[in-house]
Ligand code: GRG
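A single chain comes next, written as structure tokens; it is the form predicted alone.
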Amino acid sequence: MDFRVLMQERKTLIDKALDYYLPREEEYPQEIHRAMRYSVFAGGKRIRPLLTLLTAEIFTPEWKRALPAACSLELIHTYSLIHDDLPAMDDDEYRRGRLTSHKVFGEGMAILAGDALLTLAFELLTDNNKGPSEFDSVYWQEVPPQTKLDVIFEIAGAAGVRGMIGGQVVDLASEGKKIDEQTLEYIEVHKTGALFKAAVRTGALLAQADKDSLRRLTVYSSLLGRAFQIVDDLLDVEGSEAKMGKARGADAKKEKATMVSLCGLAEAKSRRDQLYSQSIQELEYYGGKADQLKKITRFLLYRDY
């Protein structure tokens, strides 16, 4: 199947599942549920859940068992964006061409919407969901309890101070300062890379991949996460504002520490290319089974939005 057709089919499935898992807008108290849905359905590419499903598919035809966990990662990612946009953080007015959550619902409700999405993510990981439905497949019921615990530990660590939040802390602390490459790598690995690694490892864990594959895919996802952050930095300088749905130059305005500010555009692109090549090498072991994962990797690292 054509890569873009497959991605659209999977994205549609993920969106339908998210719609199923989220409280309805008319459910009391309505304002929080409207705020949650506003950000979740703001046009995201669903990269992290796609990585989870495509990784699981390498090892099993029963990849839908990973759907609840894939959706939980998207909820965590969305919560982080809501909080990132707040005045106390990046103070952004637009994301994906729409007003940010706090501009529509107020700062207090935006904070609570982010909190609600984070906690809902772990509900999806810890209960048997609402089933039966196409989104609460029997495959999820068949996942061994220890594997579910391993996934919860994986995702919680990636979202917390040892992962995304740790990276955000160093990112904030580095604004307006000259930092070294070691500090910048820490930001790349934790702020962005941690959820990428969790997404890939979660797919492998739920598909019962062997230890060697977990090691190989950990390396792959770490390289991908670092490269993805570099691409974000590049797009902030030369990306399409119309396609991104936000203005360029935010990093420079806030004096953010990025690969571009540290090394320049040419070197940043060279690092991106190197990381891409290394990440694909890790997937060659799986041959054609990893073709779709290879294709999404190229798409993510050479996108223009």
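Throughout, we count residues from 1 along the sequence that is shown. Keep in mind the model is a prediction, meaning the values are calculated, not measured.
From this point on, the text means the form predicted together with this ligand, which you will not see here.
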*Please check if residue 164 has a heavy atom lying within 4.5 Å of any heavy atom of this ligand in the predicted bound form.*
yes
*4.5 Å heavy atom contact, residue 37 to this ligand in the predicted bound form*: no
*Can any non-hydrogen atom of residue 248 be found within 4.5 angstroms of this ligand in the predicted bound form?*
no
_Touches this ligand in the predicted bound form: residue 192 (any heavy atom, 4.5 Å)_ = yes
*Just one of 234, 104, 89, 214 has a heavy atom within 4.5 Å of this ligand in the predicted bound form. Which one?*
89
*Identify which of 125, 81, 209, 109 has a heavy atom within 4.5 Å of this ligand in the predicted bound form; exactly one of them does.*
81
_Given the stretches 275 to 283, 57 to 65, 38 to 46, 24 to 32, which is the single one in contact with this ligand in the predicted bound form, using a heavy atom cutoff of 4.5 Å?_
38 to 46
*Which residues within 197 to 230 place at least one heavy atom within 4.5 Å of this ligand in the predicted bound form?*
228, 229
